[in-house]
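Below: one protein chain in two forms, given as structure tokens, structure 1 then structure 2.
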Structure 1
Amino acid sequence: MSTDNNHPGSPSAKHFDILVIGGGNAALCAAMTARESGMDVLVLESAPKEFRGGNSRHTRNLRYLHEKENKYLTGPYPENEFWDDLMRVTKGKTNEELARFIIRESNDIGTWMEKHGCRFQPAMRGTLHLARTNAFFLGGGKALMNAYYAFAQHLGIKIEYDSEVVDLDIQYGRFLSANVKQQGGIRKIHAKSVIVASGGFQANLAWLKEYWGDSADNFIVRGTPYDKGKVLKVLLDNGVKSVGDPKQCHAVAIDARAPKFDGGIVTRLDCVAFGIVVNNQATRFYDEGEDFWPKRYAIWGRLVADQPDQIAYSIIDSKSIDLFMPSVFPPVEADSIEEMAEKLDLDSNGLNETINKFNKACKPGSFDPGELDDCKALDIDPVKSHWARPLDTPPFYGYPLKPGITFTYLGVEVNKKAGIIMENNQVAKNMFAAGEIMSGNILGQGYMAGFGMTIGTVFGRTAGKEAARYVSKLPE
């Protein structure tokens, strides 16, 4: 039997043990785990085969608990440090039971990933600050997803692309079937259990505008254009309990020249910590050196979203141009601040004044891009807590910034067995969730590099195991 079925009349049109909705990391981890438990599994990916993998194909690494270094990680990352890092970015807005479960269950998951086709590599230049905590995928997220799909095919998992789930038949907290749009028609698929791993709603601009208003028109969607939240909406309409603030999301500052959808990680700008950021009034609006970039980069999308016209500009000088992973777009280069202002369409006097004030506020210190150093800009509002050096060495470099949304945090509530919770606080009988669609349980706000993949891997495996356990107990 083919494992890449695309036709409503194919042999896969039957009852399944487990239906997995989604085609990214969480979905594949769930499907492989369920299949290895002896289940008959169907995966429905709404994207075409060429664009399979959701946001996971744009990732570079994941963060996981480990007690000692290995070939790809330079040292230990214990539970207490992992937990403290999460608290710093979420400010305590997390479900502690689920968060600690994820951290503990992530212990050495790199080994499981390698057994399922993943290959790792050492951290690259510009990412060495993650070399101890995060493992990097050889070939990036697309290579990881291709490896997972190949392994899933080897296991005999059925996979169907261009398959958008448009409705679910849910009765009294029990999933019965899914209506799937394929080749212009609607097909009904029955399964004994369902795992929903279909992402957030960040590609649904109309839904975003319900919370952000017209400013959402200026947002860029970093990842897949297929995450429109259709299944999330169906679940919420069928009595599933929601979790998360609809305005909270993983949103980073990305190059304003990026495409509206699917630009991926290469459009992200990591230079913010090494210079200043101004809005279109040539005014600074936040501490650029508050913390290490992997722990703070995900706040900058929301910060830029709150600025006039949802635009900002990162400006550095030649001292910092080699300190970060470059964007796919070249910087705007200028030999003077006046020339930079002209090229960025900023007020020259205003930009000069902002930079002069910043330069005067910089205190001498020992600059160290790998540590929370003592280079500060004080007696200025906002201050710059670390890595503050005068912008005084031409050429100067500028990057235009816009909010780039990776995924939204509004989702479905789950327990630590990945079971979906209904509005009456009862656990759904045969419905499980993993990945972005349930990430709001843990991410009340903020983000840290590689943690979305941790959530997806841990809860994908959990959902696959628990769904298989449920099905195995059903009468023949």
Structure 2
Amino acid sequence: MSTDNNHPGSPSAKHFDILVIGGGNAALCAAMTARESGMDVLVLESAPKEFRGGNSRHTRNLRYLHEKENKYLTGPYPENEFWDDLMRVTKGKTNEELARFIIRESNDIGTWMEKHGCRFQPAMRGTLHLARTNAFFLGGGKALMNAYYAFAQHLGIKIEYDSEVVDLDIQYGRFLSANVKQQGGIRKIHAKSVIVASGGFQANLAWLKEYWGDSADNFIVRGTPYDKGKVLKVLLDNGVKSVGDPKQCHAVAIDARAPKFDGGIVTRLDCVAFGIVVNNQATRFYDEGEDFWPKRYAIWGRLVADQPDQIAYSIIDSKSIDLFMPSVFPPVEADSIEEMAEKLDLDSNGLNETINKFNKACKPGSFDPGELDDCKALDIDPVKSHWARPLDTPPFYGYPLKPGITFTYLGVEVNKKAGIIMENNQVAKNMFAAGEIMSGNILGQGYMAGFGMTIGTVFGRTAGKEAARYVSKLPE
């Protein structure tokens, strides 16, 4: 491969003011902001145009501070409540200064988004519990990305697809140029400043294996296959300070039949709380009814990952089939436990025994899927704290579960100006980061719905502004 430096007529011949690495929400928010400050901006997206937008193309809503209700949000969401919610999910593992900054800067961010092409819709059926705090994108994240790309183009931002950044030239904490893989060759691109918004490394199975061993082979990546963490690795190898537990990832239990990558939202399953979950030894391993599913689904990824072959089966009976969002793959249906065991390739006696024991342990109560009800199975290990009803009304339905990884927590440390911090605690002058790649600063653990896009939007804008400020102060 040739290093094609300053090829005349190609963008590499030119020194851009700002290079943005990535093509998701954070990258575009950064690029648009920088461009609006008069900068010459190049965006490099490793995906082809059809798959542009990273994990952001799979999203549906974002959460932002607002003192008053508006057209799309049913009531106020004040700072204190936002903060409390964050403390609850992270159990205090957050950088308070940055977290407060994000919350405040998210104030009425929907207005800025709309000015840049975003269209919202009021929350509808099924998502009403988020109607006050989260604004929904009309058509979802891909529609948002389409709108942002159109706006970016209209602003005069240069965008190149199929352009994976593979290396950065960083000297003494200073970015000089990037090597990008394009059409089979490597091109060097110079810019006065760089904004890294290339997401996490969840699509890099080899890297995941460093922490998870071979079980990572059985993980499904819920989002884009292009978030491989290449730039993250380059940064860490070049003396950038890391943040976040490298072993941690946000993983949920999803349908095992999902495609390896990019299955997105539809592969989720909401049936777990209404039945039992067994591993491939036909034994239960965790309290299925510990809490409402939206509060628990994120621990089930890890739970399933800890089972042999990283697989589990959720089994319900006909009493519960209409209680949750329909699944994308049809359930395995059986008229008897034996038939179910055979279809799921489980030991028939074992499954029978597990279910009999469970059925006997179920204490009668008044079943209510909308409440933490009093249907409990306590004389059994593990217990089932709520919604425990005997599996006794065929047909039975089974869904295979696998861990589906949403994003990783390891990232680069930044300050309030989105400036990347080096291992010696110096702030890099011309390197900024936004989005998933720095969300570990705020989300030490846990997650709350719609916050990933908030982090990306606020920090994207901040990075764009600060990078532009830096460049405009440079001597000509």
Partner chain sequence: MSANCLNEARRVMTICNSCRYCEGFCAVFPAMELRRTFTDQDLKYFANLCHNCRDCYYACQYAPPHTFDLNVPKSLAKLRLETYEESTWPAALSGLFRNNGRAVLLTTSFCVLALLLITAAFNGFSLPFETYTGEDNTFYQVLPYKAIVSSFMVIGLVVFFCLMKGFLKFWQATGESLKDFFNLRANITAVWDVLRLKYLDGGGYGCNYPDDKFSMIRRNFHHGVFYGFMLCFTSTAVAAFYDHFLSSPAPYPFFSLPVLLGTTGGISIVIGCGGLLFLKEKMDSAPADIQGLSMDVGFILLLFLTSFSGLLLLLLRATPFMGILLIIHVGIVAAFFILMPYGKFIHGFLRYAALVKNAREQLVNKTDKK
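Rigid core here is just the name for the largest C-alpha set that superposes within 1.5 Å across the two forms. Quick caveat: nothing in here was measured; it's all calculated off a predicted structure. Just so we're on the same page, residue numbers count up from 1 along structure 1's sequence.
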{"query": "Of structures 1 and 2, the form predicted together with the partner chain", "finding": "2"}
{"query": "Cα displacement of N179 between structures 1 and 2 reaching 2 Å, rigid core superposed", "finding": "no"}
{"query": "Post core alignment: K363 C-alpha displaced by 2 Å or more between structures 1 and 2", "finding": "yes"}
{"query": "Flag for E81, CA shift 2 Å or larger between structures 1 and 2 after aligning core", "finding": "no"}
{"query": "Following rigid core superposition, Cα shift of A282 between structures 1 and 2 in Å", "finding": "5.3"}
